[in-house]
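A lone chain, given as structure tokens: the form predicted on its own.
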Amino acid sequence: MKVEVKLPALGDSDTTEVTVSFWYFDTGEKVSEGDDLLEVLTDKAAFNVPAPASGKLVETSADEGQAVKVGDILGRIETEQ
């Protein structure tokens, strides 16, 4: 089953758009639920986006340097279930 990695709402409710700083994992690598998958930047701080499930990162939809909005799909993880 594929699980979507979405940009969650961040601490500041006024922040609706961030920039992808970098991915901690490459596609094809195994990740565990809760691992930091990528870092995103606002104009005030950096945040890590955790993996919502364990499995293999099979797709990254947001490139480093790309602006994304809360709720956007950033990637997909293929689980063993």
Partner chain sequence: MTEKKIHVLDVGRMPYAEALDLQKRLVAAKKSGDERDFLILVEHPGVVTVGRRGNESHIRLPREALAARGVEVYDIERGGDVTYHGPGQVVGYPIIDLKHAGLDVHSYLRLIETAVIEALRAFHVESYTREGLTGVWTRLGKVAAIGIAVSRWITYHGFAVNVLRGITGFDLIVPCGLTTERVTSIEDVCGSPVEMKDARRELTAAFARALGAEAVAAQGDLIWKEAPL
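Residue numbers count along the first chain shown, from 1. Since we're looking at a predicted model, the values are computed, not measured.
What follows is about the form predicted together with the partner chain, which we do not show.
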In the predicted bound form, does G28 have a heavy atom within 4.5 Å of the partner chain?
-> no
Residue contact check: P50 to the partner chain in the predicted bound form, 4.5 Å heavy atom = yes
Heavy atom to heavy atom, is L10 within 4.5 Å of the partner chain in the predicted bound form?
-> yes
Using the partner position in the predicted bound form, report whether T42 sits within 4.5 Å of the partner chain, counting heavy atoms only.
-> yes
Given the partner chain in the predicted bound form, answer whether the residues V58, G71 and T79 all have a heavy atom inside 4.5 Å of it.
-> no
